[in-house]
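Here's a solo chain for you in structure tokens, the form predicted alone.
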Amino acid sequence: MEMTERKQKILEAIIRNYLDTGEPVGSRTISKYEDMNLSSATIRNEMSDLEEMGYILQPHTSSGRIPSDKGYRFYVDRLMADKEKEVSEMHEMVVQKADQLSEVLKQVAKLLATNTNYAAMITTPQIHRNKLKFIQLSKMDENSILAVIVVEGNILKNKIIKVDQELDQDTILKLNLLLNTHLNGLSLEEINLGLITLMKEQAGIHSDVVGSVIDAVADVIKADENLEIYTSGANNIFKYPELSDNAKASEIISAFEEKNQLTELVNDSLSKLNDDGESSEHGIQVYIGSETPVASMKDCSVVTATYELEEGMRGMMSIIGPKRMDYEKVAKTLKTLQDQLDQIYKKT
């Protein structure tokens, strides 16, 4: 008997429902799925075929069906194949987009500096309160597995996890199923102790692997090690007498070159955003003199603006100049480039 596309959809619906409820699944339940568009009678016939083929079981005469080991195997193999393809395509896309984005941001920094005659900087977008999209575990060798973690914004990270004993392919597939069933769509705050305890109980002797994966997820969502800062126009500082003093100018230019101090400015600016990604001034913030967290810029004014390429992916651009800077022109320039970035990356 052939495993048709309709049978596959019904089998997957049974498994997804059973994973959610732990209760046998009947034809009426499946008929309520919006994408099924089949009568209960048709579904019953297909379920009978699936039972005959060994993919589902009927634990009691009057009850619905539950997946068999063969059914789980079909579901997991299909799920992993689809996700491997998705991860591969996503990785290629991310690499390509990252290269393109890098060039765009460098050009934005130059435009900011040229249009204002001040110094300018822009950061790459960073993960902000992301939710987990998918986890894929795969075997590397007898003592390690690779965890591919994908979060909102299609940010993909790899993490190598050491294991005490070799895991066979069946165990890895079951762990994949367990992790994705419980964690997909959750933010870090939603992965609470009760959920972790439940998952570890279900993982049995492999509970330590679940713990390591959750730690890796937390690291990915919090990570900012890929922060890049592009600067332009640092020499414009010398155009303003109040900043052109050798000691003052060298401190400011040193901050631009080393960039460690600029990270403090980025963190401070992004920390003041609300959940909509805006400050009280619609994404524009102004630091005057000692208000800036960068000590070497205490004689400057710094105007920052955030941009968002995809949900949860935010970066910051900034203009640094004298306190007598043309604030209206600076704010207008930042706003214009914000809008252009939105258009380029079709933010919705």
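Nothing here was measured: the structure is a model prediction, and the numbers come from that model. Residue numbers here begin at 1 and follow the sequence given.
What comes next is about the form predicted together with the DNA, which is not displayed.
Contact annotation: Arg314 falls outside 4.5 Å of the DNA in the model of the complex, judged by heavy atom distances. Although the partner is absent here, Ala295 lies well away from the DNA in the model of the complex, with no heavy atom inside 4.5 Å. Contact check for Met47: a heavy atom falls within 4.5 Å of the DNA in the model of the complex. The closest non-hydrogen atom of Leu309 lies beyond 4.5 Å of the DNA in the model of the complex.
Candidate site formed by Thr29, Gln58 and Ser63: every one of these residues places a non-hydrogen atom within 4.5 angstroms of the DNA in the model of the complex.
In summary, the region of this chain contacting the DNA in the model of the complex, judged by heavy atoms within 4.5 Å and restricted to 287-295, 317-325, 300-308, 35-43, corresponds to 35-43.
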